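The same protein chain appears twice below, in two forms, each given on its own as structure tokens and labelled structure 1 and structure 2.
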Structure 1
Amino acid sequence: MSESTKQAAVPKKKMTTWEKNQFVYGWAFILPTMLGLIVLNIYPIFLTIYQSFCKTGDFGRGNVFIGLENYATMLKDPAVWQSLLNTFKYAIIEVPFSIAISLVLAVFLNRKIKFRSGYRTIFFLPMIAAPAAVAMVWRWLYNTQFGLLNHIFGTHIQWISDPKIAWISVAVIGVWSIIGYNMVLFLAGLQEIPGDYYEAASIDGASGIREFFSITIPLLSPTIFFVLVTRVIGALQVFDLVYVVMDRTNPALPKTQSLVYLFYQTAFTNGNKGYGAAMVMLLLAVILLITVVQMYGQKKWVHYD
């Protein structure tokens, strides 16, 4: 091993058999993945960028280059900005609530408690259900006239057709669906915190709540950060819930539809691929920006040992 690295450091020397073997096998091993990655992902990125400068020609003609027109239209399109705002509102509910709830549940399940794996199995259940089925049953629970929720609360709230609250109702489904997933990630992180810390704290007479804030949160902060970043990215791409819960005729749709939903409708239902591509570029910019901000922000609160 060390011999081969020494030889590699010498420039312009003929490859040894071992190096040649590594080269041939290495490329053979990564070839299927790289070929697929380039055809399915890398090349499409450039195509989408190009597409965002084009409009779909009439009568089935291909792309017609129109420069920045799609972006200019997008800047003035209130539907785009409204859906971006809707997406942010969704994320602002889904991410903090799902993280807070699943963190507390994970801390509880990290104790020696009866029926632990039973609880864990139950909380994780929504994760393996088809989102269409989940959205459908929630739609039924939210039904204004016959829904279970209005019956339990004795109310007559239009959960998903009142533009003022529909986005909250959709985000609640999002929280419900993702709690188990976050919780499992937190549980894995919690298991790596050494028990000594808690022993020392309890000798010092720290309460459970005190322990949670001064031991658990700081020591778990890398996991919390990871979940936060991935959840924000996931929430900004919300589509399934909006698609199934909100009918095309729902009056609350404009105040609820997400950017990805609008992209889907624009590019595939209305066939305006160029404009859809521009929306996706906006989504990419937003996601990258928020992720970079979080990466910088982590220095303030994430403790790596």
Structure 2
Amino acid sequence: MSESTKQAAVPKKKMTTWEKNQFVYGWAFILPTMLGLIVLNIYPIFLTIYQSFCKTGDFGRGNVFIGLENYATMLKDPAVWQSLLNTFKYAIIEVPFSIAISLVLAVFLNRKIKFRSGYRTIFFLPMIAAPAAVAMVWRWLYNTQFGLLNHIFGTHIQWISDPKIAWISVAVIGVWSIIGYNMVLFLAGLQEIPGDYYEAASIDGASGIREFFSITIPLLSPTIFFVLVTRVIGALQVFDLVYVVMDRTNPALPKTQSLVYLFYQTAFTNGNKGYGAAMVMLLLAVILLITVVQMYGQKKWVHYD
């Protein structure tokens, strides 16, 4: 008798009642999440891809397939490329500055100091505040006539009306609002670093700065990489700050609006959902490309052991 015949002749073991319960309860717990992912994530992705090849029909008609016309129009649209450039400019300021500041804060707040929990709470408060409320407060700070910043510095700078500096002003709000979240992630990573390394470095006479660059940064590199990837994705998807801070009549809007903001105006204000979907696909391709580069580059500076 061959080996395959012997295996076929062996009766399959029946599932016990406990195993059946585990199977049923397991699927019962993961099914809502799976349905949520399908309905809220996977289905919209495929629908967006389809709509990017369509034009919203007139007089109540459905989507009309037009092929690559939306993409051809987008390649010639200067507003799309200007918005993509604005998005990159925002990310260039928000990502590195927020990571650097939050990392330094995390290092200081990881030490035993008075009112440490209070300081952590204060720095994390902007993260739990509503983006609309945060933007409205900063609009008051940036106000040319009676804003606090101009009052302190004795100037009349148009912080959010001057196309040359408006995008920097918006990026500053982004940095301020995300520092607390990054700081919490870095604090979690710092607490996983054994204190023996710092004790040995102290015995060898290493300074605090030397310990920071020789011990903290290498051992914290997986956390830094995670924060870097997520912040790049988040910065490239910025919308709420631009939407609340910048009015549609603001002369600096063309030099400040992000690609997601332009998508919102195109798809929901102007009703051209097909063209808006094409913009989303462009942003998706850019994010995927940058993420792939980051995943490849991590091999050179991220240490997992």
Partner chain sequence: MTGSLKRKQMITTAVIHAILIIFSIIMIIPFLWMALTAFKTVTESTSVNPFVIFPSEWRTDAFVTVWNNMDFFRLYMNTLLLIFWRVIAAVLTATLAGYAFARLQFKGRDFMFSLILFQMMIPAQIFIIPQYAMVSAMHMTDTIFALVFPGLVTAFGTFLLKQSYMSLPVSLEEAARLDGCNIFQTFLYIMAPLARSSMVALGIFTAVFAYKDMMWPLIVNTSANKMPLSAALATMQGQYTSNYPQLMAASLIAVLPMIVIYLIFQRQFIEGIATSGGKL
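The first residue in the sequence of structure 1 is number 1, and each one after it adds one. We call the rigid core whatever largest set of C-alpha positions still superposes within 1.5 Å between the two forms. Every value quoted in this text rests on a predicted model; they were computed, and no experiment measured them.
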The form predicted together with its partner chain? Structure 1
| message | My question is whether residue 269 is one of the residues whose C-alpha shifts by 2 Å or more between structures 1 and 2, given a fit on the rigid core. | response | no
| field | Threshold 2 Å Cα movement between structures 1 and 2 for residue 295, core superposed | value | no
Core-aligned CA displacement of residue 285 at least 2 Å between structures 1 and 2
no
The CA shift of residue 21 between structures 1 and 2, rigid core aligned, in angstrom, is 6.2
